[in-house]
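Shown here is one chain on its own, the form predicted alone, set out as structure tokens.
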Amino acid sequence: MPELPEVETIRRDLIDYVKGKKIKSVTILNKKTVRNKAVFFVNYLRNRKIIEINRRGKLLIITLEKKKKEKENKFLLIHLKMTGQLIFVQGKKSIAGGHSLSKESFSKAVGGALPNKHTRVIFTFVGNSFLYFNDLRLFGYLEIVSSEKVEQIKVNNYGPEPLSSDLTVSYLKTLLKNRTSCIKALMLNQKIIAGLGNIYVDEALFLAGIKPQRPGKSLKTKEIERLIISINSVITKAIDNRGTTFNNYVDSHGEKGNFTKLLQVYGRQGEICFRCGKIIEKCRLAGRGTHYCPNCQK
């Protein structure tokens, strides 16, 4: 699943290609992908411009044009989940972001000529360009919601993001105080910290020197301080390097992210720790493969 840095990369790149474009038509090829009634979804989007593209955690939030008689803007939510893709096509130009089906070629990465068997929704823009939402496993979704619903989702489903002023030592210390779950599981909880996934949790815990198996309540204040600093550092570097290639991620230019070469523990089980020379180990926590250095992390 693309994590915060990958989704942020997609958001930034798609702004260059679809912001300001008017939607000519929408075709739904699989109704499970759209959470609204199909007729409403198609009719509402027709002849509307895309005003802005924002993000909360791993959720893309697209601001839609407000017509004259309407009181407020509505928003198109897009969540790629594990295997979603957004593919923009204009003439011979094609860019894609999300899960890649192959590393052999761009065409194979998106499942072949578009639309294909993985295409769930097609947006046709004025000027004859297209945005395809592909999804192999049908976990991703699209939904038009009100501004009130967007705020409810943010409040109810997401904690503060890395790099935000809301992710403080006092906030995290309070949440971890009585938690017996391992810190790895707690960091994957989007209601505690938004946007983190398996890759960046492992990397942040390594940088902070904290073993992923430790109960949340066992962390001392100084360790929580280190953890927040580590989270922010890892996420900043990942965004700067356009994410990683793990989990078959490709960015919205159809290119691999460059953070892979900077990974310290994730995917390196059995290899030597760059810091101490011991062997990186792997275990299973919170249903996820977890990578750590038994010597550097306490």
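On a predicted model such as this, the values are computed, not experimentally measured, just so you know. When you see a residue number, it is the position in the sequence shown, counting from 1.
Here the subject shifts to the form predicted together with the DNA, a form of this protein not shown in this document.
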Close approach of residue 226 to the DNA in the predicted complex, 4.5 Å, heavy atom: no
Distance check, residue 288 to the DNA in the predicted complex, heavy atom within 4.5 Å: yes
is_contact(residue 170, the DNA) in the predicted complex, heavy atom dist at most 4.5 Å: no
Residue contact check: residue 197 to the DNA in the predicted complex, 4.5 Å heavy atom: yes
Stretch in contact in the predicted complex with the DNA, which is absent here, among 161 to 169, 189 to 197, 206 to 214, 121 to 129 (heavy atoms within 4.5 Å): 189 to 197
Contact assignment for the DNA in the predicted complex, among 24, 19, 12, 282, heavy atom within 4.5 Å: 282
Those residues of 135 to 149 which, in the predicted complex, come within 4.5 Å of the DNA by heavy atom: 136, 137, 138, 139
